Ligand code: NIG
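Given as structure tokens, the chain that follows is alone and in the form predicted on its own.
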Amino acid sequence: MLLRHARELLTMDRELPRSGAPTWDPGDLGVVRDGAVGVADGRIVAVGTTAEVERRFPVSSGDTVVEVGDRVLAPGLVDCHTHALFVQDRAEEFSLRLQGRSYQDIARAGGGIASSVRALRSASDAQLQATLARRLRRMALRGVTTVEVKTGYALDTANELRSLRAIAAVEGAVPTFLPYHAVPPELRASPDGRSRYLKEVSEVMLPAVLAAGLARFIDAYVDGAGFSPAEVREALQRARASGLGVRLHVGQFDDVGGAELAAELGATSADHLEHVTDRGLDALSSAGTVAVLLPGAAFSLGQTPPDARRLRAHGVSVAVATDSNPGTSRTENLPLMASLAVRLEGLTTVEAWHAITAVPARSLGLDDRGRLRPGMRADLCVLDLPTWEALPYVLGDVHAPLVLRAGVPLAAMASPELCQHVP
């Protein structure tokens, strides 16, 4: 396949400096005018101007030529924090929050995560897989090719394993095991329910997940309403020693030392960060841990979002994700989250592009995507944007007429002029 004559091609082939100075230079996006990409056997084989690529990558009979035209050609977008495996919405909780009820109050009354747990446990394997696949297809329509998906709406060994199997079965999903999301509803009323659950995770659930080999990461909700560093540290250390990467929910409501724990464990990401100290940010910077901003959750909950300029001033790399979930961020629109991160959290447009491509790919340990260069996996998206600067301007109204995952088209325009087969 040859994708050519893109008004703008974004290679993202330059690391952003780890500094607090706002980055506005389009050179940091690797912008190529009249750009082209050659794809063969699921890999990128040539990148440059159309004239350069056509010289190095002549098309032959049976090849497909994509006339990108007045659009942006970019790496496939990467959504690195979602809870997209759920089967029931919680719109009534949003209404209650609008009436003044807090997230914590709703959870204590049996709503929140407990509500999602009951719904997921009652769903069939086929329903779980089909629901997740539909969500990822909708995300792909906005250019997303890779989606991290967490468990954590099961909270018992059998259903956590079932959740991981459903995630692993969906193309484009990266599975994260999130046992430390909440204490399961059936144990909350028991005086020793919390300690019993912590013991089950450590002694039963984690060994079963490691034996199954279905997860890429382990995660924990380290917060005042979640779990303390002392409660989760030993199991997370064991999981890391056994080959799982570590990702942590940190400081959404309270700073309980989650950033410092993330740094101590060499976590690939620390996510949320509405409440974090300068000391915590310095620890994340020293550890090279990526900060994942989740503007949809802060917006939905009416919170003051993190200041991206403060994070960047501490030398912390920043990604942006949807946090797609039924309770606090009911969205599948990653470009809209980039818009919010620019307007409400202080990212520049250049930084926002990196935050939804190269940086989240790195946080997931996926060095073969997030950039456009020869040898990389051919994850690409053609976006109906007139210029890279329009990403936050159009307020999430971004459509992808063509998306490739490993060179395979996922969504294509009906108009025949986009894709043509060489006779």
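This is a predicted model, so every value here is computed, not measured. In case it trips you up, residue 1 is the first one in the sequence shown, and so on.
Another form exists, predicted together with ligand NIG; not displayed. Remarks below refer to it.
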Inset, instruction - Establish, in the model of the complex, whether Y221, D323 and T328 all lie within 4.5 Å of ligand NIG, using non-hydrogen atoms for the distance. - result: yes
Legend entry - Selected contact from L334, V316, I113, A166, since only one has a non-hydrogen atom within 4.5 angstroms of ligand NIG in the model of the complex: I113
Inset, instruction - Just give me the single entry in Q252, S339, T146, T289 that has a non-hydrogen atom within 4.5 angstroms of ligand NIG in the model of the complex. - result: Q252
Legend entry - Exercise: R137 in contact with ligand NIG in the model of the complex, heavy atom 4.5 Å: no
Inset, instruction - Find out whether any non-hydrogen atom of R90 is located within 4.5 angstroms of ligand NIG in the model of the complex, and reply yes or no. - result: yes
Legend entry - Touches ligand NIG in the model of the complex: R247 (any heavy atom, 4.5 Å): no
Inset, instruction - Classify R71 as contacting or not contacting ligand NIG in the model of the complex by the rule of any non-hydrogen atom within 4.5 angstroms, answering yes or no. - result: no
Legend entry - Segment that reaches ligand NIG in the model of the complex - one of 202-210, 343-351, 185-193, 75-83, heavy atoms within 4.5 Å: 75-83
Legend entry - Within 14-51, the residues that have a heavy atom no more than 4.5 Å from ligand NIG in the model of the complex: none
